[in-house]
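In the block that follows, a single chain appears as structure tokens, in the form predicted on its own.
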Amino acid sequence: MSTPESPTAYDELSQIRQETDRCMKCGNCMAVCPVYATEKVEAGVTRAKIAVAEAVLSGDLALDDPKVYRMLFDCLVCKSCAANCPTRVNFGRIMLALRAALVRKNGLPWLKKAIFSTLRHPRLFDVGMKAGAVFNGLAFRGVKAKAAIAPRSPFAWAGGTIGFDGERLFPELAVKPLRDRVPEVISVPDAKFKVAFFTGDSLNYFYPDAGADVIEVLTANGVEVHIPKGQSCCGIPVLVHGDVETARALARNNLDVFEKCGAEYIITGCGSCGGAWQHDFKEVLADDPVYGPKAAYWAERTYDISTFLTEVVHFRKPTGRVEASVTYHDSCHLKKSMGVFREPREILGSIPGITFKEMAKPDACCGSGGSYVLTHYETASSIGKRKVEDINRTGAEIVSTGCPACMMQLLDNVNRFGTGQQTRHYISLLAEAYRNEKAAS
């Protein structure tokens, strides 16, 4: 695909100068940066990274200097700094533009290039994920009590220094992903709305039951659901590594696929995926004369499932009970990108039997950051430990969230530092209440 006619910040680094110029170096970002709270060094905080960006723009620092490179990727892009910034500096745009410039200069490392290239071919990626599900028993052992898997020896021994020890928990890859379990269209009598469900990769491959709960809740509220099988990754995993062209290719594919299904709205069950549809597609395709307008159109029609239920369809309150004490973790992208905070709490509060217990700092990052937890496990684990300590203090039996990546991070860290809490998507609790209602009738 050709480069947009007028360069965006992802094509020309000088475009970020308007963002860097707004930074007052006040240090408000220091109070909320999860990396700084753990590493306690100035290089970890946003204002230091902006100073480096300014030095790169002025030519005083080389973008691929090893120290600059390490600092660029020692960031979760959690958007906490932007939410706490008095001048509203969009640091996420600065960071992703710097990484994109680095890729333009030096290309992707061969392993990233190989992995990311498969995402451009959804069928090939799907085959690879299914093969991984079939053969993951070679490297992982099942932990039935936790509904998870953990590395086997000798992989656990070899990977111990990066957190792949025998205690590391992961959700198990589904042998039959969500999109293989359901038809492309699920009709209901007298449908109030027609929506398309963007499953993303996590709900499709790792948490298909939670994805099925999204569908069940929508149909229980009179909504016809389309689940296009041609959809691909939202592109956030590649965008945060600077691979803008792959991110654009994935955005274009998704726009084409979803435009064909005739839905009125797009529904997501993941803050990163929803943020991609609401914001990132528009940004990376801003000057594309064909896909830019399409991205803008669907950005206004994309909802997190919680917002759609509470503000559009006005969901039916369940009568079925779920006897549990529950706390809620605000995923970074769901709250700070999509602006979703009140809605999941309203849904949890509507379920008979649930005792809601708010934790301290519910919107503090859990330390996942997508692949950050793989590349910076020690820091990510320390951030996760702080989160679990807040969860422990609530005494809740279940920690719920609206982000599958956060669910993965919480699964591992609750296992290490928690008191046996379950980790569940909040929508699964509503689906359970509907099922219990039906069972009692």
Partner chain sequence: MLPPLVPGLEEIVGKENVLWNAVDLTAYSYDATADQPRQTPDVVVFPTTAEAVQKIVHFAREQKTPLYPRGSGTNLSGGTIPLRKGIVISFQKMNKILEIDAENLTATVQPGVVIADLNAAVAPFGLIYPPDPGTVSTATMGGSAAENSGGLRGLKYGVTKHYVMGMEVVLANGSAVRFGGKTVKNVTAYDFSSLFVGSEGTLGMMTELTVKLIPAPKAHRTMTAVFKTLEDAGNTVAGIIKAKVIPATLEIMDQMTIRTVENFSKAGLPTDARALLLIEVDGMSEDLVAREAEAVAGVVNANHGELKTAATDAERNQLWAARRSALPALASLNNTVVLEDATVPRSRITDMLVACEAIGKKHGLTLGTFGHAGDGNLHPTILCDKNNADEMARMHRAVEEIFDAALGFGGTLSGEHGIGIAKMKFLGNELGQSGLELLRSVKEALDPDYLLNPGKMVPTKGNA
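Every value quoted in this text rests on a predicted model; they were computed, and no experiment measured them. Positions refer to the first chain, counted from 1.
Form predicted in complex with its partner chain: not shown, discussed below.
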Counting only non-hydrogen atoms, which stretch in 368-376, 400-408, 62-70, 382-390 is within 4.5 Å of its partner chain in the predicted complex?
62-70
Might T87 be said to contact its partner chain in the predicted complex, defining contact as any heavy atom within 4.5 Å?
yes
Is A396 near its partner chain? Define near as a heavy atom within 4.5 Å, in the predicted complex.
no
Is A48 one of the residues lying within 4.5 Å of its partner chain in the predicted complex, judged by heavy atom distances?
yes
Hey, in the predicted complex, is V52 touching its partner chain, heavy atoms inside 4.5 Å?
yes
Enumerate the residues of 12-43 that have a non-hydrogen atom within 4.5 Å of its partner chain in the predicted complex, in sequence order, or give none.
D21, M24, K25, C26, G27, N28, M30, A31, Y36, E39, K40, V41, E42, A43
